[in-house]
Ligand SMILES: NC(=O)c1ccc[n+]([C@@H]2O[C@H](COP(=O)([O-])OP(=O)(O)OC[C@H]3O[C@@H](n4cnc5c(N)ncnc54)[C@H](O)[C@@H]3O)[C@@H](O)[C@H]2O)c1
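A lone chain, given as structure tokens: the form predicted alone.
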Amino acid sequence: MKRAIITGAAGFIGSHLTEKLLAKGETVVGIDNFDPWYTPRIKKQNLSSSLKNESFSLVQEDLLSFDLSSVLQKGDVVYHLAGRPGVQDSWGSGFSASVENNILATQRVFEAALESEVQRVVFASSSSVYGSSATSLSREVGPISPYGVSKAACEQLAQVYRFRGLDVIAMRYFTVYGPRQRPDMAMNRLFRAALPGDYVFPLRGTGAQRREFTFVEDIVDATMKAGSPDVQQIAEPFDIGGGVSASLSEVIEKVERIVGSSIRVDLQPAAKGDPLITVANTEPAQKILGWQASTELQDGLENHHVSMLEALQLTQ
């Protein structure tokens, strides 16, 4: 039976991917260190249904110290989603966490995967590698934040290990949102600032910045397709985006209509390393993976809202 190894399995994207692969009948080994970046209680809740599945096993270890080759087997597909997220938190002393949890951990994953002769590694990169250039077909890697630099370095590592024989595919995710999104991410904060309470959303800049928001189910679908043996090895990373770019102001209006109340906002200066626009080029993913996003932003936001209400009920 096909085996999938998922690093960061208890996280936002990883927990959804775990459920989808289990539903396909695959055996899944999840690896997560339950980093206190946000409360481990949330991460454990993310895996609540998967832990009841006999085809799932959880390894609670840190990729920086764990001997990953002790878990990997020949023919496995590795989905490497673990890492330290956050553009704004990567400045100053925060960069050390990006280096350790993104660059060093990824190198250890690639090394162990090569040694174990896995079938393929699919790993999470980011639109942040583009900096301000992700607006046209002439885009190039040019990060404008330390976090973006760490993800670009991971892609370079992938190229190095590809030369040594590792089948590895990079997925450049564009602004992912949906159920189980991390508490520090914008969509979660927007809904929290619209729901009853005293939380205020920190609006950095004018709200004119545009993002290609991508629903988590679409991200998972693309990631699974990249792990399929039907897809040939390819060196070029894939842009994985939702298909429509929207401004933060437009998203604020949509959230307010969904919730039925205004968002409490605190105006702040524009964030460092925050590009004005990001637009994905999904044509390669459509041609090679047979994938394109299918979730409209409005539908995804409504789904996100429902999941937040359910989560609030669980905590009351």
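A residue's number is simply how far along the shown sequence it sits, counting from 1. What you are looking at is a predicted structure, and each value in this text was computed from that prediction instead of being measured.
This protein has a second form, the form predicted together with the ligand, left out of what is shown; the following refers to that one.
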Heavy atom distance at most 4.5 Å to the ligand in the predicted bound form, all of 10, 33 and 85: yes
If you check 263, 63, 251, 279 against the ligand in the predicted bound form, which one has a heavy atom within 4.5 Å? 63
In the predicted bound form, the residue from 188, 175, 245, 116 that sits within 4.5 Å of the ligand by heavy atoms: 175
Should residue 225 be classed as touching the ligand in the predicted bound form when contacts are defined as heavy atoms within 4.5 Å? no
In the predicted bound form, residue 168 touching the ligand (heavy atom, 4.5 Å): no
Please determine whether residue 126 contacts the ligand in the predicted bound form, using a 4.5 Å cut-off between heavy atoms. yes
Looking in the predicted bound form, any heavy atom of residue 130 within 4.5 Å of the ligand? no
Hey, of 230-238, 155-163, 77-85, 199-207, which bit sits against the ligand in the predicted bound form at 4.5 Å between non-hydrogen atoms? 77-85
